[in-house]
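Shown next as structure tokens: one chain only, the form predicted alone.
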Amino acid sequence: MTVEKLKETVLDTLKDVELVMGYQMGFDALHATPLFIRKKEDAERLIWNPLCVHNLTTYLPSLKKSRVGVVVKGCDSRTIIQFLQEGLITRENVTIIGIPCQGIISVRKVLKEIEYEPVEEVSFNSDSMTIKTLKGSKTLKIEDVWPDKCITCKYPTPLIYDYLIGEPVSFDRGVEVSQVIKELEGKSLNERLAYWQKEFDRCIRCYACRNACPLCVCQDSCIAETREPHWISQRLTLNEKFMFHMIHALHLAGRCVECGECARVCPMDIPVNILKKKINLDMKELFGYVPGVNAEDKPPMYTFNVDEVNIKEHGI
């Protein structure tokens, strides 16, 4: 029913915009891919299920001068709010079709469960999925193959929308982001350094994390590749990898909406999103700010105060 209502809404939206971004089936039954709808016939390929993992708002800044529609989940909608705060898009040019989300899947986790067998067919019911392979069928609870962001999600219903497909959902899975980071913070500095050295040593510097990040909007002049100034070389040394990931994380301070795209696309399965989550916790503690929640808020890095209430720098 949700898909049919979604198609109706998309067709109605298409009357006033140049294109609508949604989801379609990908190269196999386990993958969805973005769908750019420009005419009525395109809408027939629309799907909606837990395979719809991409944050489609990533494309919005590059389409700033066009009138477009976009299908968003709760976490995706936070990106739009952050875009609006930073003036990266114009609200009047974007029609937002929100869908309350009960959680998406991690394709990586599913493939591990089915031992990386080729997928022939996938079907869903309310809380599980059945995957058919050459070796037979296997049923998994969707919550067992959630990506990390779904486990700690607090915003399953879009926070901003023009149309809402389905009833709002509200739930708290009882897992805080701080709990996820607590174990790592409990280690000594040397242990934490060893952890990240091991993780970043696998990095191949493909820049997939940067390319998929909706808030990495300066890719044409990215510090990782620019030669004026020449901050980072293209060598695959651990120091260069560290430099890139630290810059990437710090450039997202007070901006990361924890959509999880960076971790999802990493071919080496490096938990790069943990760095951003840690910085977000600090931003909340120091400035009382959570990115992508209130369009009226101003990001802390966009303001300046001689004295910050929660930073006692003059007493250091």
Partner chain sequence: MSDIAPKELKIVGFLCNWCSYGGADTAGVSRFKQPPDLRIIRVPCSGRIDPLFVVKALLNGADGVLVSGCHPRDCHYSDGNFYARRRLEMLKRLLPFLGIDDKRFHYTWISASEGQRWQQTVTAFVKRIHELGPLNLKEEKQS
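All values reported here derive from a predicted model rather than from experimental measurement. Residue numbers count along the first chain shown, from 1. Here, rigid core means the biggest group of C-alpha atoms that superpose within 1.5 Å across both forms.
What comes next is about the form predicted together with the partner chain, which does not appear here.
### Task
Have a look at 66-74, 38-46, 273-281, 259-267 and name the one stretch with heavy atoms inside 4.5 Å of the partner chain in the predicted complex.
Single hit among the candidates: 273-281.
### Message
Each of 189, 304 and 311 having a non-hydrogen atom within 4.5 Å of the partner chain in the predicted complex: is that the case here?
### Response
Yes: each residue has a heavy atom within 4.5 Å of the partner.
#### Entry: Candidate from 122, 212, 140, 232 lying within 4.5 Å of the partner chain in the predicted complex - any heavy atom
Of the listed residues, the single hit is 232.
#### Entry: Candidate from 204, 246, 169, 175 lying within 4.5 Å of the partner chain in the predicted complex - any heavy atom
None of the other options qualify; the answer is 246.
### Task
Although the partner chain is absent from this view, report whether residue 240 comes within 4.5 Å of it in the predicted complex, heavy atoms only.
It does: once the partner chain is placed as it appears in the predicted complex, residue 240 has a heavy atom within 4.5 Å of it.
#### Entry: Any non-hydrogen atom of residue 286 within 4.5 angstroms of the partner chain in the predicted complex
Looking in the predicted complex, residue contacts with the partner chain include residue 286, since a heavy atom lies within 4.5 Å.
### Message
Is it the case that residue 159, even though its partner is missing from this view, gets within 4.5 Å of the partner chain in the predicted complex, heavy atoms only?
### Response
Close contact is absent here: in the predicted complex, residue 159 is far from the partner chain, nothing within 4.5 Å, heavy atoms only.
### Query
Does at least one non-hydrogen atom of residue 184 fall within 4.5 angstroms of the partner chain in the predicted complex?
Yes, contact at 4.5 Å.
### Query
Taking the rigid core as the frame, does residue 307 move its C-alpha by 2 Å or more between this form and the one not shown?
It does, since the residue 307 C-alpha is displaced 2 Å or more between this form and the one not shown after the core fit.
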